[in-house]
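The chain below stands alone, shown as structure tokens; this is the form predicted on its own.
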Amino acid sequence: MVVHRAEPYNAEPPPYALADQAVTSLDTFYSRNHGAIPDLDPSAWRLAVDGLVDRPLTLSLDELRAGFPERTLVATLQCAGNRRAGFVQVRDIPGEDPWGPGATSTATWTGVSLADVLASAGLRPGAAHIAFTAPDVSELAGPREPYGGSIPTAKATAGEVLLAWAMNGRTLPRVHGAPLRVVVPGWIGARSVKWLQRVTAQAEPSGNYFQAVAYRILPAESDPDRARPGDGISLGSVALNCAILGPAAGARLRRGLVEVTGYAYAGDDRAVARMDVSLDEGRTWTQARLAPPDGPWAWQHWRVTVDLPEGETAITARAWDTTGATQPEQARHLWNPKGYANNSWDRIAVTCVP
């Protein structure tokens, strides 16, 4: 793993470790944390469901598993800071980890539908948002507070949002949120709250620092340290994105036919429709072969064989989604002071020798 920070622990796999892996292994799945990783006793843990509901609930893990239908789905999670390193090349982003393309991973998640739990509690009129609260306290928030966030009720009740206790057929690891975490397919990883303790139905979005202040795209010239609750654009659905996983950036290769591989992902209700690769900075493109996704919430891997000339070549990749939209060309057009949502064309340079 490429460890950006030991405390709180933030790490991503090197790009090659994600290549051709439809489902990411547990020891390779990226880890984004905002405070110390809690160590919760599953037997003593309880989930509270409260707020604008007719029947507030307090559920043990056994009651959650026995009381609702078990569901399994494959879903990709992507950190809002994925590919931030591309922004750092444009302009420095002090205090933020320089994530590469590995802050994206896919797992098979097992749990219960959040919609089923909310139906059991009985949502009241006016419950427009569902907030999540965890016990991990972050020093990043001012003042310090446990991590939290929210999603609109329309997303929470759509069926695909899980309260998950298993990952890739195994008990959820502590670093990934045991005993229970939220999985919000198609949305930034920050909304898939780990170590979940409370679900609250409410009229407004969460006032938690990580919903109201952080994970928002601010104007390029603004000072993030002076951001107020509600400033900027709140991040939700993941933007269309792709990355080159092989060959490695800076690789020295033999000239001639080389296979280029990567992933592409379109958040929420969109899918990847096409992948293009260019060897001449986008003047001409070759269409790559897209592997079918393992479900509507999963990334897609792609590959294409190109003929690389002798010398240095910039390999560029871009994706198109099912709405006909493609990625922006340059990271400099998207730069923001927190370094979120870099979904510009991906580029690597390689050198070919005879």
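Keep in mind it's a predicted model, so treat the numbers as computed, not measured. Throughout, we count residues from 1 along the sequence that is shown.
Not on display, but discussed next: the form predicted in complex with a small molecule.
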Completion exercise
Picking from His176, Arg216, Arg198, His129, the single residue whose non-hydrogen atoms come within 4.5 angstroms of the small molecule in the model of the complex is His176
Exercise for the section: For the three residues Leu114, Leu118 and Leu162, verify that every one has a non-hydrogen atom within 4.5 Å of the small molecule in the model of the complex; reply yes or no. Expected result: no
Practice task
Although the small molecule is absent from this view, report whether Asp136 comes within 4.5 Å of it in the model of the complex, heavy atoms only.
Solution key: yes
Handout entry: 4.5 Å heavy atom contact, Cys79 and the small molecule in the model of the complex
Key = yes
Exercise for the section: May I ask you to state whether Ala190 is within 4.5 Å of the small molecule in the model of the complex, using heavy atom distances? Expected result: yes
Problem - is_contact(Lys194, the small molecule) in the model of the complex, heavy atom dist at most 4.5 Å - result: yes
Practice task
Name the stretch, out of 325-333, 22-30, 62-70, 298-306, where some heavy atom lies within 4.5 Å of the small molecule in the model of the complex.
Solution key: 22-30
